[in-house]
Each structure stands twice: as C-alpha cells, then as structure tokens.
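So here's one chain in two forms, each on its own in structure tokens, numbered structure 1 and structure 2.
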Structure 1
Amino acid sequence: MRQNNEVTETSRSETVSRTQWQLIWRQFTKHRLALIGLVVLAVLYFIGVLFPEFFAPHSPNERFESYLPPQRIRFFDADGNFHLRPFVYGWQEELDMATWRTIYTPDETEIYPIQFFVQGTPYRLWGTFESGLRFMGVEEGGRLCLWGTDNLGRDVFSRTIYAMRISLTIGLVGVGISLLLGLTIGGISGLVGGAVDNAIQRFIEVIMSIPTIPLWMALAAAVPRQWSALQVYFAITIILSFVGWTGLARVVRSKFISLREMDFVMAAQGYNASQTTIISQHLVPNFLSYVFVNLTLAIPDMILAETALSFLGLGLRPPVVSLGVLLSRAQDLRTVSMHPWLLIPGAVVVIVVLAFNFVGDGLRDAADPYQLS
C-alpha cells in the first residue's frame, strides 16, 4: 500500500513538473490515429513542399505519349523469374479499329529496372540550386509514369508531387492570416464590448450571411487576368483568408466574455498584470483546444476551397500546377470514364483532409485542460 502511494506521488510530481506543452504532447502521443495523421502530413509536406523536384521522376511539363495508363511496379517477369530490383515494362501501341483509340499494353520484352538517385531532367531546387539528381527513374529510352499521363502526355505522378507545394502551402498561409484576424478582432470584440462589440458583430454577420461559393467566385473573378501566377496565388490566399476568420472570431469573443470575469483573471488584474499577459497566459490557454481544432479543420477547408476554385477555372490557372488545376482536367465525364487515373489527385486531397482531421481530433483531446494530468 505504501509502495503504491509512493508511485502515485512520484507520478503526480512528474506531472506537476511538466510544462503545459509537454502535457499536451504526452496526451497527443496516446492518440494513434492522430499520430498516423501527423506522420502522413509530415511525409507529404517533406516530399511535396520541401523537395518536389527531387522526388518527382520527371519535370511537370515533360511530355510522353498521351493518356498512358498507370505503370505497375513488378518484381516477377512474365516467365516467373524474380528480380531483386523492381522494374516496369515498356509499352506497345495498338490502334483499336472500332473506336480509333490508341490502346497501350505492357511490352513484356522491354524491362526497365527502377534506379534510385539517378540523373534526370535538370531543375532548380527552390529556384536557386541547379541539379539533375532525382530520387528514382529508369534508364534512357524508358518511361516511369506510375500514375499514367494526361492529355498532353505529362506524368500525373510527377505533376501531383509538384501540385502539393501550392495546394498545401496555400492552406498554411491562409490559416495563418485567418488565425491572426480571428484572434485579434474577436479578442477586441470580447474585451472592449459596447459599441465596438456591436459594430464588429454586425460586420461579421454580414460576411457570414453571404453564400460562400458565390462570394469566392465574385472575388476570384475580380483578379486581373494579366496577373502573374505568383500574384494570383497570393490573391487566392487573401480571398480565402478574408472569409475564413469569422467563425474563429465569434468563438474567441464568446470565450473572452465568459473568462474575463473568472477569479483567476480578476486575480491577475489585481496584481496589475498587463492585458497581453492576461490574454496570452490566462485566456488563450483555456480555449487552446478549440484553436487547435479550428486550425486543423481550416487548413483542409482552404485546400478544398482552392481546389474548387481552380476546378471551376476561377482560381489558379496553368502553367501553375495545383491539385485543383490537375482535377480541372477531369471535368469531362467521358474523359474520366476512359482515363480514370486523372482522378488520382483527388485521392491525395482526401488523404490530406483525413490526416488533418485525425490530427485535429488528437490535439483537441490533448489540449483539453481537464485531461492534462
């Protein structure tokens, strides 16, 4: 009995000695789906945002035959022989006389081993460092198109990797702006109150009453056509941020109103603590779980918004490569029915959204002040 009490006291002392962020991380690591989602996001951001040029087998505009089917990575050839190094077959063309379509079938006489850390099409890493080293590829004369090609013969797999840089960063930048606006405007509304609070709330209600998609379309249509791809990118980010901060601002206002009369806030005011200290150390930590959930849900929302705008032709436009731009090639039902691999970038969007939702659930539970023990 005494030993159990000593173990309990030891665990309590360890808990007390931990910081709030250490307690949040300890709770977060107990959520398996959240950890899986975090790993998936880390891999996608590492490959698609930091080093897409290195991991993509081809440049985004390198062309092969149009509508090549996805290639299958193999270890056994047609004779049943095992190959230690994975390989892909070449393609042989055949014209379907009934539909006048070119049909591609694997050519089992052409074997192209997949090689790693090979020299490919030159590129500029981050627009600065010149290199031609790529993570994988095949020898000259072969084609490595794991997810097939589009109507212009461009590798869908490589273009999807390049597209993640735009689509994933637009969510981070947009959410950063929305978080700043939501916390600032909502905090002012909740702390000041009175006429300022009424004016801010009426302004928020006006924005929230406007249908989202028509508002996106109207703002995106106002972007001049002669703008460069970089200017359009920042314009779309600002547009998405402009309509994404209202929900967070209203929650921050309500939380501030409910917490500003609490005993610990009154005590901090009695010790002449500054407003910045009260907000950062007493108010915000008490609804940190909601902020985490809002962030992890807002990022996929903005990714989906950019995808929808680009799909409708109102967002980013070629030659910019984003997931929405790639999916815009799959608008024709007849094209999708014959070449379904054009929808693969949509699966990437689904994976990203699910991963963010899992991480959000884990952070919500971990940041709950009643569970930090």
Structure 2
Amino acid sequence: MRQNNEVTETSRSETVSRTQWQLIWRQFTKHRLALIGLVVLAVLYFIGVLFPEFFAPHSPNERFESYLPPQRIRFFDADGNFHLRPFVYGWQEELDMATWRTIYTPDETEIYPIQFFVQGTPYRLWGTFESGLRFMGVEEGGRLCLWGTDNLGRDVFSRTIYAMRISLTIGLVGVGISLLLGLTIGGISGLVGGAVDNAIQRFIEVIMSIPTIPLWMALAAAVPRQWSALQVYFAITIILSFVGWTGLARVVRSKFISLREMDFVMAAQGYNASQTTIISQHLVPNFLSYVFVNLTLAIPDMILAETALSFLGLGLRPPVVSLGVLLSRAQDLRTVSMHPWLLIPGAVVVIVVLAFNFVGDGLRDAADPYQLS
C-alpha cells in the first residue's frame, strides 16, 4: 500500500504538474528584456539600497572643488601604453580670462590607478557597523570623482549611489501602502456591491480625474517645513500612495466580481465554507498575479513622481539625498549647458524605470493564461 502510494507520487511529478507560479516564471524567463530588467534591478538594489556605503567611493557630503568635470576611466595613457589596472587622470586648473571661470582639464601627467577594496572615509553600514572599506578609490592626493562634482564640490557618482537607497525604496513602500488600500477598498467594493460599490466607484473616478502631479504637488506642499527628513520621507510616500491606489482597487474589484460567480466559489459556498475561507483560499490566489503585475507597473510611476516632486523642491529636501534632490541642482538651461554632468543621475532614473517597465510587461504577458506564445 505504502509502496503503491510512492509510485503514484513519482508518476504524478513526472506528468509535470506545475503550480501557477511555476508556469508564470517559465513564461517570464522566455521574455528576454524582462529578464535583463530583473537582473539590472537586482544589481541596482544590491548596490544602492543594501551597500551604498561600500560601493560609493566617498561619503555623500565629502567636499572637493566645485564643478569638477567627470573623469574617464582609462587603460591607455597619453603615450599609448596599456595599463592592466585602470586609472584616471587628475585635473589641472586654468582660469578662463574671458569669463573668470575656472576650467578643469584632465592632467595627463597625474596618473591615479584605481585601487579596489581600499580604506576610505569611515562610515557606519546600516547605521551600526563601523567600517572604512570601500569598493574602489585612489591613493592619497588623488581624487576619484567619476561623474564630476556639484556646486558644493560633492561627488556626483557617490551621491547617486547613496540616493538610490531613498529613491528605490520610496516606490516599494508606497506601493505597499497602495496595495493595502487597493485590496481593502477594492475588495469591499467587489464583495459588498450595490450602493457601496457604486459610491466607491464614483469616488475612484473622481480621484482618477484629478491630474496626479498637481494633486501630489499640492499635498506635498502641505508637509510642514520643520519636519525631519524621515517624517518627510514617509509623508511623501503616503501622499504618493493615496493617489496611486485607485487602479489597483479597480482590478481587485473586477476580479472579485467575476470570480464570485465562478462554479468553484459556488461549490465552496455549497459546503458551507466561511466567507474568510472563500476569500483567502479561492478568490485572492486567483487574482494575486494580476495584483503583482499592477504593482510592478506602479512602482516606476512612484519613482518618477518622487523625482519630479523633489526636482521642484516640493518633495524630499536636502540634506536628504535622493535622485530627485540631485537633479534639482540642474534647474535651468545655464546650469545644464555649463555642467551637463549634473544630469547623469537622470540616466539612473531612466534605467530603473525602464527596467521596472520591462519586468512589469514580462510579468503581464506571463500572468495572462489566455495568451499563448
């Protein structure tokens, strides 16, 4: 008897029964761009959210000369000799007699090889572990500012890496709150139905008809000036999710309504399953994949919103380092044309958002059982 049982077990696994999630993953891996997006995101979150202190060569407020232009990592020196260890040139200063501005050009006589795993400015990892180990740096006397420096002489590269911790988590936290709101309100709307459903739907329509950026701006401007950085961070997150939950609530509602009429739900009701069981065992698992797709596509919107708000000076404010705060240094044409490297953090925003969009699209295709490919 026992043996018999085992045989059926193995034969069942051979007839390849996969869970829904395995099927989705299988479809997802076929989507090449989505996979690339996933890898890019994993790398960026690892560097920027988990270990920015280690990967950034400097701490975010360390100061050098103002507006140093970016450095190129080189393998060949001016004489054409190949160096196995990459290096950067130092800068030489020149005063432009016409505009009285200091101009920095690469100094080909100063060669600073890039060292890896060096002791740099000490920091506290996650606020607890003291260390000075940095991923890369140059010897004493040299400066490693790969993406140049800003108006206060702070290294744009290091600041961008630090900024990712704020900018990349704000989307996740915001989406978490949206998820809570969307599931609850959408669920109530779909389950209760009738007048409640109608009222909630009208309310959602109204919120959706208010353009998001103006509403976000107005709410963000109401955040008191004297609040601490952490308070502002959470206030902005909550503001972003207050506007962002509507789409999710609609998905949840429509799924509840369509699933409610399904035979398996009727059957569950037939054998007296409790409402909680029906919801948690039968309804939620059936639309969870849609919810995930929706969330993945909502994260980039929140990241973009934070960037825009902070750029306008209405979101996070210095000394907090976020990608939007960094970009707010490049407000006008004059600054951009003289110091175009201040826009480099914008490229990081585009890459992150692009990656999320690819992953979201991949998930959407994978989660749709009606699409055969």
Partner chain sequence: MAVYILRRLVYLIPTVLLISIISFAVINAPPGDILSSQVQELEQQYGPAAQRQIEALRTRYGLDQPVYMRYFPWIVGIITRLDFGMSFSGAYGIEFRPVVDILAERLGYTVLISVLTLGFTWVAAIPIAVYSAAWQRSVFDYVFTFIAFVGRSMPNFLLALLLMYFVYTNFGWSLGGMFSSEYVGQPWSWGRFVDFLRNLVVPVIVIGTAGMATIVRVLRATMLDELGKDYVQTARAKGVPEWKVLWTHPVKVAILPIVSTIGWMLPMIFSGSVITAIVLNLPTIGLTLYTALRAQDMYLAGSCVLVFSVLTVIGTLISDIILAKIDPRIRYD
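Just so we're on the same page, residue numbers count up from 1 along structure 1's sequence. For clarity, a rigid core is taken as the largest C-alpha set superposing within 1.5 Å between two forms. In this text, all values refer to a predicted model and were calculated from it rather than measured experimentally.
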Structure number, where the criterion is the form predicted in complex with the partner chain: 2
Flag for residue 97, CA shift 2 Å or larger between structure 1 and structure 2 after aligning core: no
Shift of residue 210 between structure 1 and structure 2 at or above 2 Å (CA, core fit): yes
